[in-house]
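One chain is shown next in structure tokens, namely the form predicted on its own.
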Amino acid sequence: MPERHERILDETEAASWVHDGMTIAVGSPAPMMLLRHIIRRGVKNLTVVDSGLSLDLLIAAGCVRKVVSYYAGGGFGVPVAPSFRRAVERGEIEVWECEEGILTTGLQAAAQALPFLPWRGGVGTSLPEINPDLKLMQDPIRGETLIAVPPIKPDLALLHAATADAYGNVQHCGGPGWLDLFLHRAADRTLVQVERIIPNEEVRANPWATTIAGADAIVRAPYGAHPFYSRGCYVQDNAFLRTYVEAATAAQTGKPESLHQYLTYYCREPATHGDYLERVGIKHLLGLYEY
């Protein structure tokens, strides 16, 4: 048997996998430690497959050129994420319009190395007009009108999970985020940050709990999804997220100071994940325990 190789990277080396102009896919919950490193390094012109406030943060930091997303909500009384709205209205980013079924169909086409896959959702809507990559087609068997969805092929999938061993066997607590396995199968490489690294013996003792076998790299990142949740570990930090939304909303109305301060204090200045956690505060983090 060939010798197995450990796949553990430190956070700096892992973040260096992301380069200008790449297509990255972000799982749920978002691997925020890795996203903050992307912001800190000043990576530009990314195509990002993501949704919600993690996507909005990358846009606010100027990292994004193109968005592939079924949802760009902001929450907390803001139906559309503020940085996303501002960038789209100014023509600063391109939006690849889709809904969940089109997104998963495109990812599945990439995973199967197909030129397209058919999908029924969106037929009869303006989606094929808004997104010219979506082509109306006739089903050659039944004659039904369908949409041909081209492959969505990320260079790199960035995911967060509960645990993994040193060889890239990943276990999500309570199951993976609903897009995580689509992203992993479609991407050229998968990088997973985890709350804990566990012995391989523990993985082999419960092999059915393994959700991703052989991820390309593993990074240890306790509280790495903060301010989002991590199942079995901590809940979402709504107060922290609300602070970001308020700052980003103010920037949309011509008052960028709070957003600049947020990005500087929480994303650009902390050199490591540990430095970021120190700024959030241990008492605050302990208050987020799920159990």
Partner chain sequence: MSESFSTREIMIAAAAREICDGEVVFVGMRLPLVAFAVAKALHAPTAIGVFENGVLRDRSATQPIVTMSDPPNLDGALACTGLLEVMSLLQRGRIDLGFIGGAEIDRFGNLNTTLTQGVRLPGSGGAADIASFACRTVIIMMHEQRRFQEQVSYRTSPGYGNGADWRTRIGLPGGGPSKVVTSLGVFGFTAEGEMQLESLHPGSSLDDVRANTGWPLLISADVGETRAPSIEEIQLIRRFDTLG
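Numbering follows the first chain given and starts at 1. Keep in mind it's a predicted model, so treat the numbers as computed, not measured.
Quick note: we don't show the form predicted in complex with its partner chain, though the next part is all about it.
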| query | in the predicted complex, does each residue in the set Leu156, Tyr223 and Tyr262 place a non-hydrogen atom within 4.5 angstroms of its partner chain? | reply | no
| message | Quick check for you: of 121-129, 194-202, 163-171, 211-219, which stretch puts a non-hydrogen atom within 4.5 Å of its partner chain in the predicted complex? | response | 121-129
| Does its partner chain get within 4.5 angstroms of any non-hydrogen atom of Pro207 in the predicted complex? | no
| field | Touches its partner chain in the predicted complex: Val235 (any heavy atom, 4.5 Å) | value | yes
| said: With a cut-off of 4.5 Å between heavy atoms, is Thr104 one of the residues that contacts its partner chain in the predicted complex? | reply: yes
| request: Give a yes/no on whether Pro79 approaches its partner chain to within 4.5 Å in the predicted complex, heavy atoms considered. | output: yes
| in the predicted complex, the one of Asp139, Glu100, Asp133, Asp188 near its partner chain [non-hydrogen atom within 4.5 angstroms] | Glu100
| request: Have a look at Ala72, Ala110, Leu117, Leu181 for me and say which one sits with a heavy atom within 4.5 Å of its partner chain in the predicted complex. | output: Ala72
| task | Check each residue of 72-95 against its partner chain in the predicted complex and list those with a heavy atom within 4.5 Å, in sequence order. | result | Ala72, Gly73, Pro79, Val80, Phe84, Arg85, Val88, Glu89, Val95
